[in-house]
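Shown next as structure tokens: one chain only, the form predicted on its own.
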């Protein structure tokens, strides 16, 4: 018998918002996912196409939002969907970020910024100081800057772009070293490309700073059965997607280096 959160529920997309040339936010209603916590994800079924894992960007009175980048057949198909389209949803799945007090830093890259925005909203009234560093390739791909600017009181938001069209011209990790040396953070959260996560993990380890990282890997089932998202002894969908620094140490030889592909073979990240 499937558990309630693993049973597919059909629902309508109620709103579609364009965030960037390649990212759209889709909002739908779901009672169970409406109770999700920052860091958790859903499996969204596109009838006749595929089922894909998506981090939850926000929940609000039963409304659930996910931000989707058009990178493959399923996500490109989803970008053509409009309000009123029926989709299936399972979840929420996985663990969540552990909320911290004091001085908190969040580091997001690409659509990895979405679950961190959800977390930032939850933490904004509870922390002593909330800082955010966000990176993207270009200005057009920087996500949720206005929302984050309001949450972080402007001066605590740093943006970077690889082409220099907004913020600092560099990778998101470049200003991080100086920031970590200048301020003592009680917790650091990150989500984004795994190579970025690995670099941030190494930087926090060198400085003996606490870290929680959300990993993005291939997921087919969402409940730990298929093994497609495995990293070391962990299955990202079941044991994560949020991992502590202690857990990342256990998989350091794979983190940012290799993963399983669609055919089950090991490929470079």
Partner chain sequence: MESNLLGISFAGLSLENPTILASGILGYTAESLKRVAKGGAGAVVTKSIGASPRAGYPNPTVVQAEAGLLNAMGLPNPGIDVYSEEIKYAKTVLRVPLFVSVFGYSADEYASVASKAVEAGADAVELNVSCPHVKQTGAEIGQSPKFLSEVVEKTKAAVNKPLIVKLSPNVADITVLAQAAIEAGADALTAVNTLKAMAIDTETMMPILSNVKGGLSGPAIKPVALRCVFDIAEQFEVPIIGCGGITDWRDAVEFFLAGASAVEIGTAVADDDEVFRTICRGIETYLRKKHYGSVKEIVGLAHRK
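Note that the coordinates shown come from a computational prediction; the quantities given were computed from them, not determined experimentally. Residue numbers count along the first chain shown, from 1.
From this point on, the text means the form predicted together with the partner chain, which you will not see here.
Select, from the options 58-66, 31-39, 205-213, 224-232, the stretch whose residues sit within 4.5 angstroms of the partner chain in the predicted complex by heavy atom distance.
Only one stretch qualifies here: 224-232.
Only one of 98, 71, 168, 86 gets a heavy atom within 4.5 Å of the partner chain in the predicted complex. Which one?
When the partner chain is considered in the predicted complex, the option within 4.5 Å is 86.
Should residue 245 be classed as touching the partner chain in the predicted complex when contacts are defined as heavy atoms within 4.5 Å?
Answer no; every heavy atom of residue 245 is more than 4.5 Å from the partner chain in the predicted complex.
Using a 4.5 angstroms cut-off on non-hydrogen atoms, would residue 238 count as touching the partner chain in the predicted complex?
Yes, residue 238 sits close enough to the partner chain in the predicted complex that at least one of its heavy atoms falls within 4.5 Å.
Determine whether any heavy atom of residue 260 comes within 4.5 Å of a heavy atom of the partner chain in the predicted complex, and answer yes or no.
Although the partner chain is absent here, residue 260 would touch it in the predicted complex, with heavy atoms inside 4.5 Å.
Though only this chain appears here, would residue 14 touch the partner chain in the predicted complex if you measure heavy atom gaps against 4.5 Å?
No, no contact at 4.5 Å.
Report whether all of 43, 219 and 264 sit within 4.5 Å of the partner chain in the predicted complex, measuring from non-hydrogen atoms.
Heavy-atom distance to the partner chain in the predicted complex: all three under 4.5 Å.
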